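First comes one chain, alone, set out as structure tokens in the form predicted on its own.
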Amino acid sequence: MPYPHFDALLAEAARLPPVSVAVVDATEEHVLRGACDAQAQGFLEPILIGDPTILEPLLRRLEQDCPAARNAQIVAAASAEEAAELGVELVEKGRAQALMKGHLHSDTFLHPILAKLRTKQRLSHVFVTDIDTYPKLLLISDAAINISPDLATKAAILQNAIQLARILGVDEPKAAILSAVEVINPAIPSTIDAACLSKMADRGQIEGALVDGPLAFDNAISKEAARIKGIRSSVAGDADILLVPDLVSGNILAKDLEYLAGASLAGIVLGAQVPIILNSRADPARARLVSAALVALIQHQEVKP
């Protein structure tokens, strides 16, 4: 992968034109700091949506560390629900090229997006993770949107993740379809789905990647574990993408890596009319900064001839 760690990704995004991003309910310091830092780096031009009586004092507090805060655009909103509606409206009017979740619940943020900004693609979330113990960025999907995906939904989720990996410069991503074990077991439905997805990729129903599964997590990321277990696979031990069985397992995996293994995570939703930055309200400002860099890379890719 051309971007083995986030620093390389941030450096590339800094060379691209900024993207106009509507920050929905920006009334929290971590949210504002992430947006202002991304503006200072040249990744985005934020439009801050929220209560001005809360936003303006926060922006003044941030001015010393983040001079870009002085020139921030503000769109007044009296509630989180109104902020979400206004964010979608800015996209529909062509004023915003992307959306960023601020200090509101995901369901409130996504409700007008699902109603007005859907496309023929399935909406799905991808965590891009930077882990010191892994030699390249690792994509995990879906850990935030699709709760219990069926086979067709998993295929769509995987295709979105492949698209992002290719935007990140991986010509032929390696996708590991995760389950608890690496053998097909009818008592574990995720192993059946994994085998089907692998065959679908072999027959061109999923394009642009090497796909293999079922693979347990250790086999997907450790060549030694795969060798010991006698697994012959071009994906095992070298995965770029981990497709998880469901939202619960994916969310646990991503947060385990973040809080116990020191991974840095950036989160983005694909499949809508515009890319969507979907971070947890507890995420640090750097997570929002890297997510903004991802949006810049995606937007730049989309406007290429």
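Residue positions are given as counts along the sequence shown, with the first one as 1. Because the structure is a prediction, the values reported are computed rather than measured.
The same protein also exists as the form predicted together with a small molecule; that form is not shown, yet it is the one meant from here on.
In the model of the complex, at least one heavy atom of R122 sits within 4.5 Å of the small molecule. Interface residue remark: I147 is counted as part of the site for the small molecule in the model of the complex, having a heavy atom within 4.5 Å. In the model of the complex, the small molecule stays beyond 4.5 Å of every heavy atom belonging to K116. At the 4.5 Å threshold, heavy atoms of H103 stay clear of the small molecule in the model of the complex, well away from it. Stretch-level contact analysis of 207-215, 163-171, 188-196, 122-130 against the small molecule in the model of the complex, using heavy atoms and a 4.5 Å limit, identifies 122-130. Contact here is defined as any heavy atom lying within 4.5 Å of the small molecule in the model of the complex, and by that definition not a single one of L10, A13 and E45 is a contact residue. Contact with the small molecule in the model of the complex, judged by any heavy atom within 4.5 Å, is made by just one of L247, A40, I54, L253: L247. Checking E92, D107, E224, D202 against the small molecule in the model of the complex, a heavy atom within 4.5 Å turns up for just one residue: D107.
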